[in-house]
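Let's start with one chain on its own, the form predicted on its own, as structure tokens.
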Amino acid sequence: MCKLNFIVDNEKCIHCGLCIQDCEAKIIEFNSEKIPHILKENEKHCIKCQHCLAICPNGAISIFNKNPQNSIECSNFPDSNQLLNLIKSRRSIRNYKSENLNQETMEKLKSMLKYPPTGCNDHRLHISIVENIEVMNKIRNRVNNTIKKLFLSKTLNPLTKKFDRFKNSFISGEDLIFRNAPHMIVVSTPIDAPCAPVDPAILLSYFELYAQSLGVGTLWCGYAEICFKLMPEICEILEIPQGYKVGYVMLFGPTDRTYKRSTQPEEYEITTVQADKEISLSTLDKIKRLFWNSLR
């Protein structure tokens, strides 16, 4: 038994080699009896993707003490039209009921959070969820009051600069940032994460669509992200670990808004790439392209 607890049930193994072919780290190989195994010196290269467990047709492989019988069968997917309709009907919700989601729905939302993919399969994301509207109100009031005081004191601050055109709204007490949402999810990443800028967006995209399927409204909240990055005390309230940075924020909760039809957005520009196209860039064009790619 190796450190990864990579175990093969010899009775179930049909020697198909799918686990070997699908191993991204290329550390699984057949032994002399044509049973898949991992050499001790190769354990450190495992990226913990569990593809070997997932692809085995007979459920002969377990790893990290994960029993294949505890996995769900990959079937009963929504058909493509249902999924497309869910994507088309997704809306940003800015009006929420002033009440908590029921606990069953909240648990369903939390239970799916470990499934969205991450770059390099880096599972070090930190997820802060505000599950109670009373806690949310305390955070809401703290942030809004801070910005209101900055405006009233005429203090120069990145927050007042960012929200200058909404000055009167803040002073009058409008919840411009949190939209009276009862819940919030904040995804943070280690500063050394290989794909720190995109992993939070990937997770929240999955979260949003699943929430939509449960009748839960969501809103991507860049304003809150800015505030949390500039207000360290909020990061402490959210229990974001040291060495982590806020990735992105999503508001969510029950809503009484019902949209009867999808919107009709403009098409994006789509280019069909020609592989045989000849490219010759001047030095200036290369510098410009590198500059554009380096921005944000």
Ligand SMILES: Cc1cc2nc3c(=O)[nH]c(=O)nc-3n(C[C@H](O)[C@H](O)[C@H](O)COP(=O)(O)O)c2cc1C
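Residue numbers run from 1 along the displayed sequence. Given the structure is predicted, the values throughout are model-derived calculations rather than measurements.
What follows is about the form predicted in complex with this ligand, which we do not show.
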Classify Y210 as contacting or not contacting this ligand in the predicted bound form by the rule of any non-hydrogen atom within 4.5 angstroms, answering yes or no. no
Using the partner position in the predicted bound form, report whether L219 sits within 4.5 Å of this ligand, counting heavy atoms only. yes
Even though this ligand is not shown here, does Y223 get within 4.5 Å of it in the predicted bound form, heavy atoms only? yes
Could you tell me if Y248 has a non-hydrogen atom within 4.5 Å of this ligand in the predicted bound form? yes
Select, from the options 132-140, 92-100, 167-175, 67-75, the stretch whose residues sit within 4.5 angstroms of this ligand in the predicted bound form by heavy atom distance. 92-100
Contacts from 262-286 to this ligand in the predicted bound form (any heavy atom within 4.5 Å), listed N to C, are none
